[in-house]
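Only one chain is shown below, in structure tokens, and it's the form predicted alone.
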């Protein structure tokens, strides 16, 4: 059976690295993006040049209608989904909780939490034996921030990832006997562009000395953990929260 993987936020960073590695391992890959169409196109071009199968699918993860349309497009172009990586997420500018607006909080949770719920809902409807599917795997991208709290920087982001941890545990148990495995990867300080979007482009390098391994991680190292959790090698693993954080 063809393995069909959808990665949200797949145009850059961890998402792009996961798309490239998944294609090398035989997955047909749908690369979701919100606005970075050129970057997503480049990921797909790279996959196709190596003989793989990939498409781009545009959707704002914070918009339910766009998400349902995205899943229908993947159905039509690649076939029934067998794997989902809930990778899309946002940070905001560094701020204390007593400086945060409701608008900021609603955006954070709409994209990071509700978007992941809706994507998982649509994936379960396609994968679960309860819905006529033949099984599958979901990997949610959490963060070491979920257990560190990110004080003075973005407690809201950390809280959204804490919600992802709980969501992973609950959904894993809910669909465990329906052929669907649900796990999460919690990256630590990884060299990606997300830090710049929060106004701290040098954040990972600045904090690297505080990591027990004394270095930042790479998107490729996170991708390797994600692909293991998606694979048959992790067939008895569900509800796991896998820290890939250099001991931090």
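Residue numbers count along the first chain shown, from 1. What you see is a predicted model; the values in this text were computed from it and never measured.
What comes next is about the form predicted together with a small molecule, which is not displayed.
Residues within 4.5 angstroms of the small molecule in the model of the complex, judged by any non-hydrogen atom, belong to 182-190 and to none of the other stretches in 207-215, 182-190, 46-54, 22-30. Put simply, residue 136 is far from the small molecule in the model of the complex: not one heavy atom of it is within 4.5 Å.
The closest heavy atom approach of residue 161 to the small molecule in the model of the complex falls within 4.5 Å.
When the small molecule is considered in the model of the complex, residue 239 lies well away from it, no heavy atom lying within 4.5 Å.
Using a 4.5 Å cutoff between non-hydrogen atoms, residue 141 counts as a contact of the small molecule in the model of the complex. Among the residues 83, 120, 111, 74, the one placing a heavy atom within 4.5 Å of the small molecule in the model of the complex is 111. For the options 169, 105, 90, 148, the residue carrying a heavy atom within 4.5 angstroms of the small molecule in the model of the complex is 90.
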